[in-house]
Structure formats: structure tokens, C-alpha cells
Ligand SMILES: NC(=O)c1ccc[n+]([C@@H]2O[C@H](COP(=O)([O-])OP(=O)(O)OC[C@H]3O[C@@H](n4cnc5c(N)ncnc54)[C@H](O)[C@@H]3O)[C@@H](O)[C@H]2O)c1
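Before any questions on binding or motion, here is one chain by itself as C-alpha cells, the form predicted on its own.
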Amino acid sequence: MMGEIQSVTVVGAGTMGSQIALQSALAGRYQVTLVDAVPGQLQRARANNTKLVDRAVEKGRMTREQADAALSRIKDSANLEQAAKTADLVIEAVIEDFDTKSKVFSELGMHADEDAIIASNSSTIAISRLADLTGNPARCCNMHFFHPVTVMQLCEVVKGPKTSDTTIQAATTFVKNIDRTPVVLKKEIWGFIVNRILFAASEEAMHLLEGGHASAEDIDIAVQKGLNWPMGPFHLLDFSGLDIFYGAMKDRHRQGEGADAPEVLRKLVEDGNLGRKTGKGFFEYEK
């Protein structure tokens, strides 16, 4: 019988995983284990989280004691088997690649407690594609946080066809407890809510650009000033990483959910122009 969540394991210490772990620790009520086997990644994650809380202390958003206490609640581990055994909730936050996530879910099925909730932070891969690998799909759901987790309020909690109501209730309660806002998808669909809307807008923006109707800069200005978006679609794509968006569009197409990626996006990715992280995407940036 599923009990109250007390211990949380986050698998993957990249930007998303490390910040999910930090946000969970900041709540003050959970012991958190951050798992990553890549040499040096846990150290980088701790350094980045330390910078985040140091900045919050400088700006008066938390005390030094609160910051130090949050960091102390996060335990680093390279041993997924051991970390999974003690968790009431496991959140997978590895790269957005189906094969990689499948391997993690298979291992969690072997090692996680039978009552533990197993969630994927995937932005597009529905939980029904992963849940059966655990042997207990009723305890599996999507918990899609947004980057940067310590700033963005939303978490999409997605109910798969075999996910229990108890799992969804526990997941949404957890999200509220870490000071984030859950929305529940009662029926899963590719891309969930936000990405379906974002993809539709971004695709249309790229079609306008490809058709020579307006420049990327003017399209962004139009969306910012006309729709009151804080960032236009092309700057947002560059910020998120064009390779991430391209891969998601290719996955969507393979799932029969939409058209293939536009040519302008394909060419940028193949040329290695991936947005801010490479210094060039739809726009150029100082490295």
C-alpha cells in the first residue's frame, strides 16, 4: 500500500535532474538522492545548485541557513540500485532518448520498492511507452517539470492508461509540497499540453520564415508584442536547444502525430548550430 512520500530519488544529474532534486530539498520535508554514474556529473550538479542557492541568499530570497540545509538534504550516489531501494518516489530525468529511459525504467522495475511511484520527467514520451518495463504500470506516471525548475512553476502530471488514481493523487500532492503547480492530463497524448501548443506555434513561425513572409526577428517581436509572450518562438527555440526540439519533432513524426521537422530547423541542427549553447541558432550569441 502506497504511503506518504518521504524520500525522493532523482535519476540523472543534468540541468533538469539537479534542479528537481534541489527544489525537492528546498521544501524541507524530503530526503533526496541524486543519481548519476557519469564521472564528474554529480560534482558539477552540486556546484551548480550551490550557485543557485548562493544567488538566492544574496538576493534575500532565503537565509544562509535555509540554503545550507537544502543542500545537505541532497545525497549524491552513483549506485542506482541502492538509491532506488529506499525511495518512495523515483523521478527519471535522463536525456530525452527513448532507449536510455527504457533502460532506466527496466532497472527501476527490478530495484525500486514495489509501492514506490516511478515518474518520468520526459517532455514528450508518454508513460505508457515505459511503464510496462517496471512490471507495475499502475505506479507510473509522467511528472514533466519545466526549465529552469527553480523558477518555472508548472509540472504536468500525466495519467497513463494503466496509472492508478492513487499514483496521480500522490504525485500532485508532492508537486504542491515542493511549491510547484501541478496540472493533470487525465488522458495521455504526445507532447502533453504545453509542448503541443508550443510546437504548433513554433512550426507556424518556421513556416512563415521559410516562406519569406517575415524575418525571425520580426516574427519574435510580433509574438512578444502581440501575444505578450516574454520571449518570441525563435529565441525560445535557441534557448531550449535546437537539437532537443528537432529530436522531439522527429519522435513525434515517428509516432504519427505530426509532420516532420521543417527544413530550416534540420539544416541548422545538421550544421551544428544548436542555439545559445553553440553561439548560433536562428540568432547569433556571444559565447
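The first residue of the shown sequence is 1; numbering continues from there. A quick note: this is a predicted structure, and the numbers were derived from the prediction, not measured.
We do not show the form predicted together with the named molecule, though everything after this point is about it.
What stretch, of 183-191, 203-211, 157-165, 139-147, brings heavy atoms to within 4.5 Å of the named molecule in the model of the complex?
Heavy atoms within 4.5 Å of the named molecule in the model of the complex occur in 139-147.
Partner proximity in the model of the complex: M16 to the named molecule, non-hydrogen atom cutoff 4.5 Å
Although the named molecule is absent here, M16 would touch it in the model of the complex, with heavy atoms inside 4.5 Å.
Against the named molecule in the model of the complex, would M110 count as a contact residue? Criterion: heavy atoms within 4.5 Å.
Close contact is absent here: in the model of the complex, M110 is far from the named molecule, nothing within 4.5 Å, heavy atoms only.
Could you tell me if Q255 has a non-hydrogen atom within 4.5 Å of the named molecule in the model of the complex?
No, Q255 stays farther than 4.5 Å from the named molecule in the model of the complex.
Is S215 one of the residues lying within 4.5 Å of the named molecule in the model of the complex, judged by heavy atom distances?
Although the named molecule is absent here, S215 would stay clear of it in the model of the complex, with no heavy atoms inside 4.5 Å.
Just to confirm, with a 4.5 Å cut-off on non-hydrogen atoms, which of Q224, N48, Q31, Q41 contacts the named molecule in the model of the complex?
Partner contact (heavy atom, 4.5 Å) among the options: Q41.
Scan A116, A126, V94, I178 and let me know which has any heavy atom within 4.5 Å of the named molecule in the model of the complex.
Comparing distances to the named molecule in the model of the complex, the residue within 4.5 Å is V94.
Enumerate the residues of 103-118 that have a non-hydrogen atom within 4.5 Å of the named molecule in the model of the complex, in sequence order, or give none.
Only V104 sits within 4.5 Å of the partner.
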